[in-house]
Structure formats: structure tokens, C-alpha cells
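Only one chain is given next, in C-alpha cells, and it is the form predicted alone.
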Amino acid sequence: MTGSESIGIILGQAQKVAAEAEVFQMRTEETPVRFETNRLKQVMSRQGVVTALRLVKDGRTGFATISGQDGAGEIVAMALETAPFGAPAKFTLPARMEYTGVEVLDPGVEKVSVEEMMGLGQGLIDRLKAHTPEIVCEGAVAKVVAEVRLVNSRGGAVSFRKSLFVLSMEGMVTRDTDMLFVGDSEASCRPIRDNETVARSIIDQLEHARRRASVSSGRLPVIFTPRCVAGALMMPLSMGFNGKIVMQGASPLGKKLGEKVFSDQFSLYEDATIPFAARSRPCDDEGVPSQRNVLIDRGVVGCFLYDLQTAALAGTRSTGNGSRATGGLPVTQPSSLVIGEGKTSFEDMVKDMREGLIVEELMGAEQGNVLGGDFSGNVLLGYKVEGGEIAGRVKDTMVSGNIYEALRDIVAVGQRSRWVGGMLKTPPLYLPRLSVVSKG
């Protein structure tokens, strides 16, 4: 039985007992190649099918999911059993509509051989070891091809295939009691043919960390590299634009729509239509067409993000941000996030500092009042800037602040951006004086 036949049978049976129904199915073929302690550890190839049914019975939402595509009677019965306990269904499923073609499939991903993937990862490790012989690396090279199918009782139907290729590597250098952690990753819907981007980034980290330096405690200017922007700032900021959190009155931005909250140097977009971006797609996991959502336009709050249910509760329309984790119920999640580029080079940011800090990665940044925009974490990897030059790596240092205050008074936005983890494209950000505490 084909995938389209199986979901058609499930939908047909669900329509007999429910007011509305929707069947979501995802098939994946994944080949991860894993490395550990500087050598190949494991090569796997796995396939999976997840089928999910959401229905409306007596005004409430029923839901069930199964592994595989068979078992129409089973999944319908399970969904019916959950309906009396489900949330009131305020959403209306989308009818049949046209979808703009979004490029998310590159046939070249499937053609990349395991041998090529092994060479890509081992070549990266060998290059890092040539630079720093004592480094111990672990990472992965993976390719994924997924097929998504969605049908509903209002005639909505969509299917598409998507490819993904990921290269990630982390390294640890131990010298006496000192441990240095470095790493980076790259992800795309297209095959990654060389390891230059990741290798150059990690080697730069190793170079900057060769010397040790101590930074003063107090309020200091701080540069967040793209990796740190992604790790420390984007979770609390994206939560502020989540329509469900806005509706609950918990977002600091809830009553700020159309108001200037951030620096006019700062713009942020959410866009699932970027060709071959890792999180792009022609529609969300509810069948709503993808679009570009302007969250912040030169400091002004532009919109919030919604799935079908939260949009209905808020009296607005979905922004195409219904996402399912492993086939679960849809929740509001951003796709690709893009921070607009500025006019200042990274080198000029550094030269502007008499004393300051560059942060690559914060550990524990999610602690504190996240919804309020607070962040606080230990600097897992960062460097002191002294007299306009990078002086060396700092240890035993903590940075804290509030993203809304920092991005309101931002000093400069970098002129060159890069993708981090396939989700965020951002330049470095030169932030005003943040609280820095150093044992040194």
C-alpha cells in the first residue's frame, strides 16, 4: 500500500465518525555517520514512517499517532478515545489551496556516498589535529530525505519531499586541569561538499584561545558571535513572538505591536521560503502556505507567530508556523530566522573596544526569567578584547543581561552574516555594557 492510499483510508474512516479530520504522515530515510575520539565510530541507515490523526468530535480535539502506515482502524479508535479529554477545537482546517514552489529538495543529497561522508568527517578531524595535535573530536555527517503528506476533510492536500545534509564537529583540548571546548556545524538542503566553513571556524577558535587572559568584573561591552546569538538570545526572543504566549499575556511584546521596542539597527524576519535553507518548506505541518513574517522592522514589532488553534483563539489567522515534533500535535514554532545585516565589520567592532569581551558560547543561558528576556550564563568559550585586539581566552567568567534592553541600545550590527545550526542566519552583534563577573 502506498503512502497516499494509507492516509486516504485513514481519512475516510475518520470522516465517518468525526466532524473534521486531518492525517499527517512523514517518511524519512536517514544515514548518519558518527565519529568519536578522532575516528569513525558508526555508520547507520534507517527508515521510518510516522502517521498522525487529528480529528474533531463533539467540539473537542482527538489525536493519535502510530509508527508505520497501516492500522487505520486502530489510529481512528485511539483518536476517538482521547477526544473527550482534548482541548476545545477552535481551528478550521485549510481547504485545498495553491502552494508556492519552495526549493527544499536536492537530488544530490541522496547521491552522496557513505564513503564521501566518511571522508568529509575524517578529513575535518585530520585538519583540526594537524593544527592542534592534542584535540579530541566527535561529530557527525548525516543525510536525510523526508516525504511529507497531509490530507484533511475539507479537501486540503499537500505532499512534498525534502532533503537535508548536516556536518557537525566538536573538539576538546585538555591541558592539565584546563579544558577547552570548540565546535561548529553547517546544515543545508543541498549536499555539503567540503568542510572549509566548519574547519575555518574551529581553527579560528583554537587560535584565539591559545593565550589566556582575565577580564575585569563590571559592565563591559560585549560582542556576541553568530553562534552565541543563536544560543543565548534567540530562544527568549522567539518566545516573545509566540502567539500562544502573547495570548496568555506572558510576552513582554504582547501589547507592543507596531511600537518601536528595539534599536533601529535591528531587524528580524521569520521565513520558510528561503531556497534550500534547512528549515524551509512549502507549507507548515497543518497545510498553511509558508510565508515571510516580519517580526521586527528597524526596531518596530511587526507581527506574532501562530498555528491554526492559537490563531483562532486570538481572533487572527495562522502565519504558517504549525509544527509537529515527531508527528505530535501542532505547536507554534518559527522556521528559519534571519537577522538583518548592518554596516560594521567584525574587525571594526573589536577595534572599537578598549576593554571588552567576545562570546562564542554561553553555558546555561536559559536560566532566569526567560520569558522576561533575561539571560545569564558561564562563558564556555570567549575572549578578552584589550586595546582593540583579541588578548586571549577567558575562564571563570559569567555574562548576564536582558535581551530587550541589550537590543534596544545595541551598538552595532555586523555586515556579514552566517547560518548557525540551519535555523538562524545572523551577523555578530555588538551589545552595550552587559554585566560581567570574573573570578580572575
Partner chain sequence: MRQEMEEALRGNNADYLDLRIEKRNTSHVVYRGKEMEDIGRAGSQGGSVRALVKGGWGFVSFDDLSRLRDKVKLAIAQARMAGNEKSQIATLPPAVHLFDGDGGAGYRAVPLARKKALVEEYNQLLWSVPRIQTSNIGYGDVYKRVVFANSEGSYIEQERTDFVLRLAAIARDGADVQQAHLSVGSLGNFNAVTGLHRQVKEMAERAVQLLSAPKVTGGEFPVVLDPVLGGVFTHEAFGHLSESDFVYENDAVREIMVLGKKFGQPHLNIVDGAAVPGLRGSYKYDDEGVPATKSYLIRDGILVGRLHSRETAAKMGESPTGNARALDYHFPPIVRMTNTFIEPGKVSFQDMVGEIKEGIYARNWYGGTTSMEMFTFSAGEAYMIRNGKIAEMVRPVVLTGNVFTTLGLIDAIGNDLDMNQGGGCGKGAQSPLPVSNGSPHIRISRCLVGGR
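Numbering follows the first chain given and starts at 1. Just so you know, these numbers come straight off a predicted model, no measurement behind them.
Although not depicted, the form predicted in complex with its partner chain is the subject of the following passage.
For the options 178, 259, 347, 98, the residue carrying a heavy atom within 4.5 angstroms of its partner chain in the predicted bound form is 178. For the residues 149, 244, 190, 324, the 4.5 Å heavy atom test against its partner chain in the predicted bound form is passed only by 244. Looking at 316-324, 221-229, 123-131, 67-75, the stretch with residues near its partner chain in the predicted bound form, meaning non-hydrogen atoms within 4.5 angstroms, turns out to be 67-75. Its partner chain is not drawn, but in the predicted bound form it has no heavy atom within 4.5 Å of residue 412. In the predicted bound form, no heavy atom of residue 157 sits within 4.5 Å of its partner chain. Taking non-hydrogen atoms only, residue 107 never approaches its partner chain to within 4.5 angstroms in the predicted bound form. Proximity of residue 406 to its partner chain in the predicted bound form: non-hydrogen atoms within 4.5 Å are absent; the residue sits far from the partner.
Looking at its partner chain in the predicted bound form, residues 252, 331 and 435 each place a heavy atom within 4.5 Å of it.
Annotation for 107-141: interface residues with its partner chain in the predicted bound form are 114, 115, 118, 136 [heavy atom within 4.5 Å]. Look at residue 112 and residue 326: in the predicted bound form their Cα atoms move 3 Å or more farther apart than in this form. Compared with the form shown here, the C-alpha atoms of residue 326 and residue 306 sit at least 3 Å closer together in the predicted bound form.
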